[in-house]
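Encoded as structure tokens, the following chain is the form predicted on its own, with no partner shown.
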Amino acid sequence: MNAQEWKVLNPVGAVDIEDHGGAERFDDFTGKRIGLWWNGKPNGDVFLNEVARRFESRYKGITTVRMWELDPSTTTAYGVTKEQLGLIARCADIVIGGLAD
């Protein structure tokens, strides 16, 4: 009988997680810029357009920024780059993401 040698590998990599704390909370959305991010899945834009309509009817002076119109490359289910995240952060006071199927 031949002896076999096995090597067991652990596929889990070490991850460094930085604590950035919680997001700023708003008592009032009046005059704020609401960024709407969509991952491109079916009907996510329909959902976010309804969210925008409701925010706009409830708060005066609110601006909704549809990221898929501002920069279509941000519409992806595979993750956005650091540069795209920076763009999204600069364009809005708060971001609401729509992940739909």
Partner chain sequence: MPPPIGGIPAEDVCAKAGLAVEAFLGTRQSAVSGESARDDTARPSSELISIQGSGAAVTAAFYRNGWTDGLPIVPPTADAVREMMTGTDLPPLHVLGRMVPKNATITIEKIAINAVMAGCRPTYMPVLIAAVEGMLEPDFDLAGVQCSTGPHSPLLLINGPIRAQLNVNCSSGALGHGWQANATIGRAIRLILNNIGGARIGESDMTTLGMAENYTYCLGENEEKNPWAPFHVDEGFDLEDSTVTVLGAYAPENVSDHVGITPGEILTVASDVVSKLSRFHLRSMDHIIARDTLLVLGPEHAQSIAAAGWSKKDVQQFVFDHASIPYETLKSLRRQIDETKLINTPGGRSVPLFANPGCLKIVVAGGPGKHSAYINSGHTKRVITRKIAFPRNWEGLVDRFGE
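Positions refer to the first chain, counted from 1. Everything quoted here is computed from the prediction, not taken from an experiment. So that the term is clear: the rigid core is the largest set of C-alpha atoms that superpose within 1.5 Å between two forms.
Below, we turn to the form predicted in complex with its partner chain, even though it does not appear here.
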property	result
is_contact(K82, its partner chain) in the predicted complex, heavy atom dist at most 4.5 Å	no
is_contact(E50, its partner chain) in the predicted complex, heavy atom dist at most 4.5 Å	yes
Any non-hydrogen atom of L70 within 4.5 angstroms of its partner chain in the predicted complex	no
Contact test in the predicted complex: G61 vs its partner chain, heavy atoms, 4.5 Å	no
Rigid core superposed: E24 CA moves 2 Å or more between the shown form and the other one	no
